[in-house]
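As structure tokens, one chain now follows by itself in the form predicted on its own.
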């Protein structure tokens, strides 16, 4: 039976012949069937390993007398286990392909956060939030000026209400 050059395999999945035809149809190199799930699993496991490493010196105590390192260690181990499960599933099942990389949002959101961090103490909270909103607006489909000003004003007012009035943080509001 001739094999199709493109398209899904007609062989049953899970058989050696079906796996070979799937690889051949996808260009000859598809060891990972769900790359997004694989990345998510590795990231979750990395966070778990990081939590275990950070809490390695904290005392865990016993179940009867839990100490400060018990919950970070348990959460870290659960995250490593969950990451291993998601990674294993990504290697065995088909999933979403890796999306194309969006440089524009990455650049503009990073610039907005850095600009906020660099201006919040020198210019004050309100101008820093307005700069953050203005630069963040360039990351996606830009808003028109009036909705952008309303969004910036609402976020600046909310930040002042929450951080200055509500939490009492010693932030300068205006330049």
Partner chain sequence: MDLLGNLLLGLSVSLSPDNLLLCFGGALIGTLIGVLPGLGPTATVAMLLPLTFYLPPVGALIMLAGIFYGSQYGGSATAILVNLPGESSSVVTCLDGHAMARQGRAGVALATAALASLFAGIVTTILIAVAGPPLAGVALAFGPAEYVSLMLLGLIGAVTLAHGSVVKAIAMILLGLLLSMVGTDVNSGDTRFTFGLPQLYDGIDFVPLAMGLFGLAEIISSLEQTGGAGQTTARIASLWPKREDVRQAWPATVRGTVMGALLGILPGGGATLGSFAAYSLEKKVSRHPERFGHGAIEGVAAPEAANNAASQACFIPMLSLGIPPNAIMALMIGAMTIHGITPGPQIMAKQPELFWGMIASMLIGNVILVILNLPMIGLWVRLLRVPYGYLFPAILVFCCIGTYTLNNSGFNVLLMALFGVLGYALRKLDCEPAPLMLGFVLGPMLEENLGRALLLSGGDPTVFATRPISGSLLATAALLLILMVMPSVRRRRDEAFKDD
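Predicted, not measured: the structure shown is a model, and the values here were computed from it. Positions refer to the first chain, counted from 1.
The form predicted in complex with the partner chain is left out here; the points below concern that form.
At a distance threshold of 4.5 angstroms between non-hydrogen atoms, residue 89 is in contact with the partner chain in the predicted complex. Using a 4.5 Å cutoff between non-hydrogen atoms, residue 170 counts as a contact of the partner chain in the predicted complex.
Taking the partner from the other structure, the partner chain in the predicted complex has no heavy atom within 4.5 Å of any heavy atom of residue 145.
The closest heavy atom approach of residue 140 to the partner chain in the predicted complex falls within 4.5 Å.
Heavy atoms closer than or equal to 4.5 Å to the partner chain in the predicted complex belong, across 72-101, to the residues 72, 74, 75, 78, 79, 82, 85, 86, 89, 98, 99, 100, 101, ordered by sequence position.
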